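The chain below stands alone and is given as structure tokens, in the form predicted alone.
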Amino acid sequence: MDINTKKLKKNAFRVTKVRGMTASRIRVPGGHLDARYLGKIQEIAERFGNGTIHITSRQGFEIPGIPYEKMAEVNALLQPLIEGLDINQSEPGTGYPASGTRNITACIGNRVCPYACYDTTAFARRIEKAVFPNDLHFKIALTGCPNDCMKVRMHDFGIMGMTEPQFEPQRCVSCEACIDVCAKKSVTALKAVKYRPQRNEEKCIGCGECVLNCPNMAWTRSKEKYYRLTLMGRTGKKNPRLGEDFIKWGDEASIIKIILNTYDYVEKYIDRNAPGGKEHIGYIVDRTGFEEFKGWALKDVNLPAKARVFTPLYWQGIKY
């Protein structure tokens, strides 16, 4: 067959090492889906693939062994998943309209985990609705708390849940359980002052360990949801590095706006002659300078009053 591989990849199929065969990549924003869709994935794998399924590192599915000529039929079978997961689509029945922005990953969040500070799946899907489809290579990951089970600092945008602990002194029995756990499991942001815990607001990372370990509920989570946003972590051959803190005590709306602004920034500065027509965001920031990126990223962003912006940013990492 005469195959337009550029079109094939844009439609979220992979060029594989087996001649005439492709693999379908399935988006699962936030890594959470209704179990009934697993049967549809199984059907595609058994009818059109080689009977196997790969669970990707980005929490999606990849179905290998699909003949090129069967892609249209696979796309038709994918339609219930695309609709069920509420993924933006320009033309129903034609599969995914882009593959650049990778599947948005998330830990299990506060639907299940007691440490998580927010519903990671819900926020991941909100971001998905705002940014997809797009052909630019962005990697976005969400984690519910500073334990960072999702390793978000290895992504272009890492979103880490925070809570601002609320203290009710009349409920405190001066047991110092919160102080002990903060010292052992977190950053020693609490100390005893006149038999009551005192929180260092500058040092606190919003993990919620004090909330979880207070026997008398003197500490509670804040009603407002807060986030730490890290930028431009990456793996790969050239200069792998961890993402650096950009904003502490941010909010959802601001983070989504910063991500959308970054798409505009990349469209402006990307090197279209880069290998494969793609250039990693971090390399663009390195090339233009952080201050230029920051100007684009924070355009029309209204951060909460308590938010802290870290500037300038300097990334470490292996250099070759």
Partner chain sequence: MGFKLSREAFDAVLQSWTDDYVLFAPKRFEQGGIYSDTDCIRYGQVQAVDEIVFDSKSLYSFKEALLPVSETLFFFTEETVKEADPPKKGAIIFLRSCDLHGLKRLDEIYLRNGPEDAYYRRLRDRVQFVLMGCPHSFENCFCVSMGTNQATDYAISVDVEGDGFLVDCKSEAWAERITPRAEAELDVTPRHVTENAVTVNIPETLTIQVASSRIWDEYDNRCIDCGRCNFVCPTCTCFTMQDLFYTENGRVGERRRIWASCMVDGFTDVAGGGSYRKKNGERMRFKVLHKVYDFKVRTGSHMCVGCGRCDDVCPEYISFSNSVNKLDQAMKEVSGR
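Being a predicted model, the structure only gives us computed values, none of them experimental. Positions refer to the first chain, counted from 1.
The form predicted together with the partner chain exists for this protein as well; it is not shown, and the discussion that follows is about that form.
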property	result
Any non-hydrogen atom of residue 168 within 4.5 angstroms of the partner chain in the predicted complex	yes
is_contact(residue 192, the partner chain) in the predicted complex, heavy atom dist at most 4.5 Å	no
Any non-hydrogen atom of residue 114 within 4.5 angstroms of the partner chain in the predicted complex	yes
Residue 217: touches the partner chain in the predicted complex, heavy atom cutoff 4.5 angstroms	yes
Single option in 90, 174, 235, 188 placed near the partner chain in the predicted complex, where near means a heavy atom within 4.5 Å	174
Answer option from 147, 134, 79, 213, heavy atom within 4.5 Å of the partner chain in the predicted complex	213
One stretch from 151 to 159, 80 to 88, 219 to 227, 239 to 247 that, in the predicted complex, holds residues within 4.5 Å of the partner chain by heavy atom	219 to 227
